[in-house]
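One chain comes next, on its own, written out as structure tokens in the form predicted on its own.
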Amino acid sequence: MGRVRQTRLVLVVDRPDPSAVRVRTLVPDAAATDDPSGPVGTTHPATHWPDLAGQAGGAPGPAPRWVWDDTNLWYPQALAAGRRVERAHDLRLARAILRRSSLTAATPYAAAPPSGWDELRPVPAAPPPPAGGVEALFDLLPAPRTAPALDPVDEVRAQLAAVAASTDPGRLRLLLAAESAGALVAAELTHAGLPWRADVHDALLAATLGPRPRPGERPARLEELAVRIREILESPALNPDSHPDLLRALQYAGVGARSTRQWELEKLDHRVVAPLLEYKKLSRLLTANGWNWLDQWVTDGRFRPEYVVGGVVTGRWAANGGGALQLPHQVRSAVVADPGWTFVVADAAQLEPRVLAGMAGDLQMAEAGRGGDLYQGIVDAGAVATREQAKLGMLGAMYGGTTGESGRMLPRLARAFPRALELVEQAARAGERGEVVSTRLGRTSPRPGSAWQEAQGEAYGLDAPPDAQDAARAQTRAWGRFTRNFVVQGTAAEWALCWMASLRTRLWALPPATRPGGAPAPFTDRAHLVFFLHDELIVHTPAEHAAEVAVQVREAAAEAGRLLFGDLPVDFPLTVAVVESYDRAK
């Protein structure tokens, strides 16, 4: 695992009352000094205390590490002022990790009763305020969200002590640094926005659905399909958007549908199926990315989603509206780079099975993925006969598919890659016992809830009915599938955080460009990240820097692998495309 390096200065930020921002300096030596050069022109008394960066990680250099309760509460305003923060430590995100991690389970920090810090909810990403008139880093900050009693210095002290007392401080330091860097990236993604051509999107909708309808009306194409569906089903008043009404009409017409789900309809042989499936497809487009979405989420040529860092229990990101994590191919042609700029779109190939090989230290599986397609490498190793079998088997191993073709492949994969398969099997067994499991860096799964525990206890009493035992066993297996995947998906999320953190630093080192009109734009005047989806990212870059950005994207991926797995020979190859519109990337 890579070494996490130190910075020189830490600035802890809070607002104890609405009238002032308080910035306190933490220095790595015992010299008591004042620093009058802070961003709001106040005096920042130094504290006799070790440097936070030495505990939570970061790159060397004079730039300070900002410490605050929530990145979204502070950083968007800094970005609006044209200020980029190089390093930060997000206390809310770090606390969520440290309070639950198995690596800190024996520390007083994990055992302490809940406090106001545990009750903090994420601050939504704020839209950038109007440009102009912003000089100081924190001039536009809102009134405090937290009570003055929640002193960030006390919380940092407690977090440092928990990391130092943990069973693996090195891993936790890297995880906290990566999580906080991810929070900076998420705020920057919202601030910069994904270039989006509203005129292209509108034309796409009109060509697919018909002209924009008046409020309360269906687009022309959807209305045509609705009329056809009513005629076939002989139901003149049918509303195809009502699932209960549609299911009743299908059953009355003898179609034989048990649900209106796509996979269920596709199995039926009836002439209503084709228009109904097309209706559902176009209806999803209208609902998820139609004209209302365009009006709400695209402003000044940018789509600015609101990411929630660590929004999924495994550490994956979530999105707070806008559907950022599920942009369909239908609308990607509207994602068009600015004139003179282009996109570098990078996708990590077969990320989760490669992460599994690294976690397990399975050299045979790592070798199968060297230099190319991991699934084909599994075939070449003689484990299975076809690439499809390799893919189904690996997905079954990571997600708990023990039946059908995937289940049939598992014994073969276990013989070829025993360490990798044993790791996920052990994680599954731990979950079935109600125990926790952890990722490579120490993010730990929750325990099953009280209802799960009660069901397990009641199912095996003397008077327990057989159906109670069946239900308990089903719950047990389901939780085992969750913990089986938790270790892999969570570690893949850690790899992605390290990838983005490394790339963010590398992109900032590239030269800026001049925007049309002659004036450079703060922060977005050089190559910068504009989109992220689990194992895929998009960089918006001046066209003349695209080749170098592609190099840096790949080198950042390799660095992320070294940070997590050291010298273990696990490759993380990328599919990289330089394109002017997102739909051309794949």
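Sequential numbering from 1, following the sequence displayed. Note that the coordinates shown come from a computational prediction; the quantities given were computed from them, not determined experimentally.
Below, we refer to the form predicted in complex with the DNA, which is not included among the displayed structures.
*Asks:* Does any part of L98 reach within 4.5 Å of the DNA in the predicted complex? Heavy atoms only, please.
*Replies:* No, L98 sits far enough from the DNA in the predicted complex that none of its heavy atoms falls within 4.5 Å.
*Asks:* For H191, is any heavy atom within 4.5 Å of the DNA in the predicted complex, or not?
*Replies:* Taking the distances in the predicted complex, the answer for H191 is no, it never comes within 4.5 Å of the DNA.
*Asks:* Is there a heavy atom of T167 lying 4.5 Å or less from a heavy atom of the DNA in the predicted complex?
*Replies:* No, T167 is distant from the partner.
*Asks:* May I ask you to state whether W263 is within 4.5 Å of the DNA in the predicted complex, using heavy atom distances?
*Replies:* Yes, W263 is a contact residue.
*Asks:* If contact means a heavy atom within 4.5 Å, which one of 73-81, 374-382, 326-334, 115-123 is the stretch that engages the DNA in the predicted complex?
*Replies:* Only one stretch passes the 4.5 Å heavy-atom test: 326-334.
*Asks:* With the partner absent here, would N239, H243 and Q489 each sit within 4.5 Å of the DNA in the predicted complex, counting heavy atoms only?
*Replies:* Heavy-atom distance to the DNA in the predicted complex: all three under 4.5 Å.
*Asks:* Between the options T342, S406, Q456, S438, which residue brings a heavy atom to within 4.5 Å of the DNA in the predicted complex?
*Replies:* So the residue touching the DNA in the predicted complex, by this definition, is S406.
*Asks:* Counting any non-hydrogen atom inside 4.5 Å, which residue from A110, A198, A253, A318 sits next to the DNA in the predicted complex?
*Replies:* The residue in contact is A318.
*Asks:* Suppose contact means any heavy atom within 4.5 Å; which members of 272-296 contact the DNA in the predicted complex?
*Replies:* The stretch 272-296, when checked against the DNA in the predicted complex, contributes K280, R284, T287 at the 4.5 Å heavy-atom cut-off.
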